[in-house]
Every structure is written in C-alpha cells, then in structure tokens.
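Before any questions on how it binds or moves, here is one chain, the form predicted alone, in structure tokens.
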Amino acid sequence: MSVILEFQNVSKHYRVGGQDVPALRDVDLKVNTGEVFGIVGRSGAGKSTLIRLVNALERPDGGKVLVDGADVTAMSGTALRSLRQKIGMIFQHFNLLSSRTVTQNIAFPLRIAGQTDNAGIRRRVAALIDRVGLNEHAHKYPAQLSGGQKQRVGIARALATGPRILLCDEATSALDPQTTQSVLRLLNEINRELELTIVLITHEMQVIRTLCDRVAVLDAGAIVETGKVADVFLHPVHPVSRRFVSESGDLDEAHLRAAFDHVAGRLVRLTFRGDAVYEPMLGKVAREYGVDFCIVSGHIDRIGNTPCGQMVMGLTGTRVDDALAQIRREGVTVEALR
C-alpha cells in the first residue's frame, strides 16, 4: 500500500507571552492511500495545527510534510495552489458563505481554481448535490438548512475539485448523535466509492471507532500511540489511549480489578474478533475441562466493519489453565487480570 501523506520529524511552536510554546513535537506519521486515518486528542493537543500543515495553512518550524512524495513545506505560488486543489477540507462549523446558495457554495472552489466552463461547473455541482442527498435544497441559503445539511454542503464543496485527500477538522462535533452517524455513513461511502484518503481529527472515540481504519493518539503535541483502530480500542498501550477508551464506555484494567475484587477464581479478559464473536465456545470449553465461569462484564460491538467483543469473567475449577489454553487456540486473546 502506497503512502500518500507523511510527516517527518515535524515540530511547531507558537509565541505566547514572549515564550515559545510547543504545539507539535517531533511528529512522525504515515497515512496510506485510500484509508481513513483518525487523529484523536484533547483540546490543545495539537490536532488542528497538525492537519493545517497538510495544505500549508500553517508552516512547521522543523521537519517535512510530504504529499505524494512532494515536500509541502517547500511549496509556494503556483505549486501550492495546485496542491491545494488536491486536498479538500471540511470544518466543524461548516464555513459556508451565508450570502450564497447551496449550489453557489459548492461551485465556489471550482471558480477559485479558475474554471470557466459554466456548463461543466453546473454538471459537476449537480452531481455532488445528488451524491450528498440535497437535491431538494439546491437553491436554499445556509440559514435555511439544518446542521447536518450544512455539513453535507461542506462535504460536497470539499469534493468539488476532485481531491485525493479529504481533511476533516472535528467535522461532526457540532452535530447531534443521529446526524453524526448519518454524516459518518456518507464519509464511509465516499471513501469506498472514490478510494479517497480521509484524515479525520476528533476528540470523540466513537467517531474513530465507527469510521477509521487506523488511529494516532496525540497528547501535548506528540504522537503517543498509533495502530489499527481495533488494536488501540481493544488493547490500548499508552495511559492517554486507555483514558480515551475508558471514557468511551469500557472499563480499564484498574477499574476492573477494583470493581470485581469479590469474584471467585481466576479473573480474565477475553477479546474476540471476527467469526470468533459468534462461536458457542465457552460452553464447550466449560464442559470439556470441567470449569465454571461467571461473566461479570461484556459487550459485542463493531469496530469499522469488524465484529469485536470483550468479556471479563471469573473461572474456577482444577483445569482452568487447560481451558484458557484451549480458548487461545480458538483465536481468542486472553489477558489475566488477577
């Protein structure tokens, strides 16, 4: 898989009160062509600064940002304008032109890019309006639209010039949960249909869980963990990642030990992925090895398109080790909590 976006030892500082305050520190990151890559972090972690480096809305103090192998940090003038046509961006608060209709907002980047074929622009805009499901709203102004409709206009506008990369800056943070899911489904469809690379920044782990293939966790300007979304969700390594996962609804290890201290026997956490989620495994293992189990916590969900499940359980009996070995052979990850 080819790399379309790369950060090489990137740093960025801002001058605040006469002092240099670091926004990004030695960031190394690669984004593959066609994937949805999430960057998650608290407010002030450096997410927006990082994403604004991609189209040179900000310039790094050190390091390089490469798009398709070309050094963005060295670009200016015509080269930079050409690059920006390959990079679409959607914003948290939509950034639509209030005095222009839906059609005119979507056409705006095409005219800025110097296109003069009015018939071609109309065809392109009409196709985009249809793709984002706004045919009935083509001639309305932003004030006449809901938040979800405004963001769909923003998505269509970002796609107008046929970009290879779509940057999403907290694109769902201003939306209610139902509208958020609708917008995420649209972005997922666009990613698959157009093989468009999407880089999404957010502070919401549920957004990462739903849409992204891989994720980087950003804390105080530094990348503290990177990996496949399922790996980071199911087995977070860094304390910051663990806090994000815990806040998304899963208890971390310390809480589990405290909450289930009264459970008899061996306390373990099982992680199931793919087909193993649906296998009637535990009952068979219990009968074969003569162990009893008590399920004290568990859930089944989907991370992207992959069914996943985690379960915390206590096991008692004389052959617990044999039972756990069999569970591992079935492709289930076993973690000892006690």
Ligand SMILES: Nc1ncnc2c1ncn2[C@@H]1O[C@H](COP(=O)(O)OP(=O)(O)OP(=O)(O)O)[C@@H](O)[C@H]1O
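Predicted model, so just to flag it, every value in this text is computed and none were measured. All residue numbers are counted from 1 along the displayed sequence.
From this point on, the text means the form predicted together with the named molecule, which you will not see here.
Novice: Work out which of the listed stretches, 286-294, 309-317, 28-36, 43-51, brings a heavy atom within 4.5 angstroms of the named molecule in the predicted complex.
Specialist: Among the candidates, contact is made by 43-51.
Novice: Taking any heavy atom pair closer than or equal to 4.5 Å as contact, tell me whether A23 reaches the named molecule in the predicted complex.
Specialist: Although the named molecule is absent here, A23 would touch it in the predicted complex, with heavy atoms inside 4.5 Å.
Novice: Taking 4.5 angstroms as the cut-off for heavy atoms, does E225 touch the named molecule in the predicted complex?
Specialist: Outside the cut-off, so no.
Novice: Does D219 make contact with the named molecule in the predicted complex, using a 4.5 Å heavy atom cut-off?
Specialist: Answer no; every heavy atom of D219 is more than 4.5 Å from the named molecule in the predicted complex.
Novice: Check each residue of 162-188 against the named molecule in the predicted complex and list those with a heavy atom within 4.5 Å, in sequence order.
Specialist: The stretch touches the partner through E170 alone.
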